[in-house]
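What follows is a single chain, given as structure tokens, in the form predicted alone.
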């Protein structure tokens, strides 16, 4: 038997088997469905007692606002949270997968998860897909060695910084941090600075908008401030109200009975043996 005829197990990694099929369908005029991409402003900083993460709540699908109040701060462990920018499905899938791995690790070791463990799992997974998983992350948490803040890019590269921003509104947010960040911030000062950075992204980036979510992580405690700030609420409501048709318009009332078009033919056959 030749070696080429032996079925080999599939190798790991990203599969490009369907790329030719998708290209053929595109050439024939099929429009591929668009993915949900979070044009986003996500930030994080280290203050005197721990880490503060922040994010806006707008999810976009091309030029359309698909969700006005989505959650971009994902749970990783009781002491670790992660902000996600990029494709919404990728950020949720990657963070959920690593969160389950961290839980199994806690069950096996009986110890709290460390931030560097989550960082290693995330960047190894993203590096293996060479950027095809569109997830840009800001990872923050407090463990036995203190507060930690990291950024993870879709290709797997990482940074360790006292303050960080990512997403389409990251430049606007970074301008606020570089102007006003200082070491030893108190909790209230840190929350105020994070909220100001997110608002800067909301008002200067079309892909960011709606509300401000904040997560404060300290040793042995976390506080998730959902919709901490609503900087641009809807202010206009039509005084006349809105009316919609109550029923579907009837276009045709002609009824064609099926018996006119269906012909039933009886075929005589031998009776079945009992």
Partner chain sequence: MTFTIPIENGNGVKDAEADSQRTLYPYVTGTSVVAIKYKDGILMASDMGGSYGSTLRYKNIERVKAIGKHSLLGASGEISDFQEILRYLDELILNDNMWADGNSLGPKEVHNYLTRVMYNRRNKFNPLWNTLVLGGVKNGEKYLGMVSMIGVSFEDNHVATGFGNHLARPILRDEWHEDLSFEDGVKLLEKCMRVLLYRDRSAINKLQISKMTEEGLTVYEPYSLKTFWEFSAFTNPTVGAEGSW
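This is a predicted model, so every value here is computed, not measured. Residue numbers count along the first chain shown, from 1.
Keep in mind that the form predicted together with its partner chain is not shown, yet the notes after this line are about it.
Its partner chain is not shown here, and in the predicted bound form it never comes within 4.5 Å of any heavy atom of residue 187. Remark: residue 145 counts among the residues lining its partner chain in the predicted bound form, judged by a heavy atom distance of 4.5 Å or less.
For residue 163, a non-hydrogen atom is located within 4.5 Å of its partner chain in the predicted bound form, even though that partner is not displayed.
Proximity of residue 200 to its partner chain in the predicted bound form falls within the 4.5 Å heavy atom cutoff. Proximity to its partner chain in the predicted bound form, defined as a heavy atom within 4.5 Å, holds among 73, 77, 152, 172 only for 172. With contact defined as any non-hydrogen atom lying within 4.5 angstroms of its partner chain in the predicted bound form, 123 is the only contacting residue in 120-135.
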